[in-house]
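Read the single chain below, which is given as C-alpha cells and is the form predicted on its own.
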C-alpha cells in the first residue's frame, strides 16, 4: 500500500513539474512579435492597450504574453543599459518563437535637424563606447564579432513600416531615418554630441539599441528600433528629459501600435 501511495506521489510531482516547466519555457508554438523597452514609461501605453493572457516571470523580468492590435505579442521591459537590454532580449528569444522585434523608447537628439518630440527610426545602430583606452585617450573600434564595420542594420521592411506609422502619428517633418548610437551613458554634453555626429553620423543616442541589435543578429531575428526624442543630449538634457519623457514615450508607443495595425 505504501508503494502505491509513493508511486502516486511521484507521479503527481512529475506532472506538476512538467506543467510548470512547460509554462515557464513556453512550449507553445505560436509565433509572436517581441516588443521591448528599457523603462516602464516606454511601454505603459502599450500594456494599457494590450490583452495580456499571462505573465511569465524570469530572472526579475516580466514577459507579458498576449495580443495587441490583433497580433500575438510578448511585451518586455528589459532594463536600462546595454547589459540588461541584451540579457532580456536573449531570454525572450530563448523562451518564445519571436518572428520580429520592435524596440521602443526615448532617446537624445543628436542630429542638428532633430528636435524634442521628433522621431528617429533607426536604419542601423552602433556602440559608440566600444573600443580601447590608450595613452592618447579613448579610441573607438568595431566590435570583434561584427562584419559590418561595427554597425547593426535594421530590417528594411520594418524600418519602412515604422517610418510610415511615425509620419501618420507626428507628421513627415518630424520623422527621420538614420543611425542611432548606443552606449552606457546618459549623454548631456554638446561637445560629445558633436563627436557622435562627426564620428558616426548619428541622429540620436541612447543606451540599449545596439546591444539589442547585436542579439537580434545572433538569433537571426529581424528588428527595428524606434526612438522619440526626449531631449537634445546637451547641457540641458536632464531637465528637458524630465519634462518630455512621458510624452515622447507615448508617441513611440502609438507608432508601435500603428505598425501592428498595418502588418499583414
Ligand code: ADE
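Residue numbers count along the first chain shown, from 1. Nothing here was measured: the structure is a model prediction, and the numbers come from that model.
Although not depicted, the form predicted together with ligand ADE is the subject of the following passage.
Engineer: To test your reading of this chain, name the stretch in 47-55, 228-236, 215-223, 62-70 whose heavy atoms come within 4.5 Å of ligand ADE in the predicted bound form.
Structural biologist: Partner-contacting stretch among the options: 228-236.
Engineer: Between 185, 143, 153, 99, only one gets a heavy atom within 4.5 angstroms of ligand ADE in the predicted bound form; which residue is that?
Structural biologist: Going through each option in turn, the one that passes is 185.
Engineer: Any of the heavy atoms of residue 205 lying within 4.5 Å of ligand ADE in the predicted bound form?
Structural biologist: Yes, residue 205 is a contact residue.
Engineer: State yes or no: in the predicted bound form, is some non-hydrogen atom of residue 107 no more than 4.5 angstroms from a non-hydrogen atom of ligand ADE?
Structural biologist: It does: once ligand ADE is placed as it appears in the predicted bound form, residue 107 has a heavy atom within 4.5 Å of it.
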